[in-house]
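This document opens with one chain alone, in structure tokens, the form predicted alone.
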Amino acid sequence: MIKMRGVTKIYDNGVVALHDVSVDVAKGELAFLTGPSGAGKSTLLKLITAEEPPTEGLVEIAGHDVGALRRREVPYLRRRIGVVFQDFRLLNERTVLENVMLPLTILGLAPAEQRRRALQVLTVVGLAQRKDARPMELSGGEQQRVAIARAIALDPAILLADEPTGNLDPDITWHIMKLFRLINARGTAVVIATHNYDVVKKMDARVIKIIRGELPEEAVA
């Protein structure tokens, strides 16, 4: 599902964010991406979503060579990838339901189908009863669950989460992680970038550790 071979990323300012990285994430796999701040975790996620192109090497996502994609082809790839951020990125002027419907609206689905799918994923994350609330009326954990619902509304093959529990307390963090496990059990490949090593230990999943832009061989086994 995710294939990287000899990937190097050098930004315009000369910073080498990744060097000679090779790693695979299989369909339906759950993996944690760990490492200190500045190690290259966010850059690796940006390569997967085609937000950044590789300087060297192959980045292949769901069979598509990211480096060879034309600009107009990128949105089609991103429909197969859901992304969850630490800061939720919900629109406060819209209801929970409208926030989750947004990617479905962009896709151009009929309003009735948008609503049906949005309610379906809100049920998965346990928030169908809050569909008419505004994000500011929700707790941090509830807002993150809405963000997860929005990310899986298009039934993506890959779900990426960048420090998704960084602002949440331990009890809510564990609830969110169980939700990721549930989504993964449905066949979605899930990659979670996190500094929370306690959660990583408890989840009993694969760990991919980045150290100064590189993946030591023993850290990806």
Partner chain sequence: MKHLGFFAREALKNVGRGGILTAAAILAVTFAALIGGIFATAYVNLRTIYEELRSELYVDVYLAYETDEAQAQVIGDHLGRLAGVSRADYISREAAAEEFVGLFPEDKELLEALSENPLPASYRLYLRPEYDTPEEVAAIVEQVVAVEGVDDAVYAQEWLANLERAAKVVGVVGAAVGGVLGAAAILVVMSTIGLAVYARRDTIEVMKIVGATDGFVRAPFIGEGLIIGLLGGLVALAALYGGVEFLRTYHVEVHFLPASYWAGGLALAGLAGAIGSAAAVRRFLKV
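Numbering follows the first chain given and starts at 1. Remember, predicted model here, so these are calculated numbers, not experimental data.
The following text describes the form predicted in complex with the partner chain, which does not appear among the structures shown.
Q: Establish, in the predicted bound form, whether K27, A31 and L47 all lie within 4.5 Å of the partner chain, using non-hydrogen atoms for the distance.
A: Judged in the predicted bound form, none of K27, A31 and L47 sits within 4.5 Å of the partner chain.
Q: Looking at the partner-bound form in the predicted bound form, is R115 within 4.5 Å of the partner chain by any heavy atom?
A: R115: no contact with the partner chain in the predicted bound form.
Q: Closest heavy atom of R78 to the partner chain in the predicted bound form, within 4.5 Å or not?
A: Judged by the heavy-atom cut-off of 4.5 Å, R78 is in contact with the partner chain in the predicted bound form.
Q: Could you tell me if V125 has a non-hydrogen atom within 4.5 Å of the partner chain in the predicted bound form?
A: V125: no, not in contact with the partner chain in the predicted bound form.
Q: With a cut-off of 4.5 Å between heavy atoms, is Q129 one of the residues that contacts the partner chain in the predicted bound form?
A: Although the partner chain is absent here, Q129 would stay clear of it in the predicted bound form, with no heavy atoms inside 4.5 Å.
Q: Within 4.5 Å of the partner chain in the predicted bound form, heavy atoms considered, which of E51, D169, D65, E56?
A: Here the answer is residue option E51.
Q: Give, in sequence order, every residue of 85 to 104 that has a heavy atom within 4.5 Å of the partner chain in the predicted bound form, or say none if there are no such residues.
A: Residues within 4.5 Å: F85, R89, L91, E93, R94, L102, P103.
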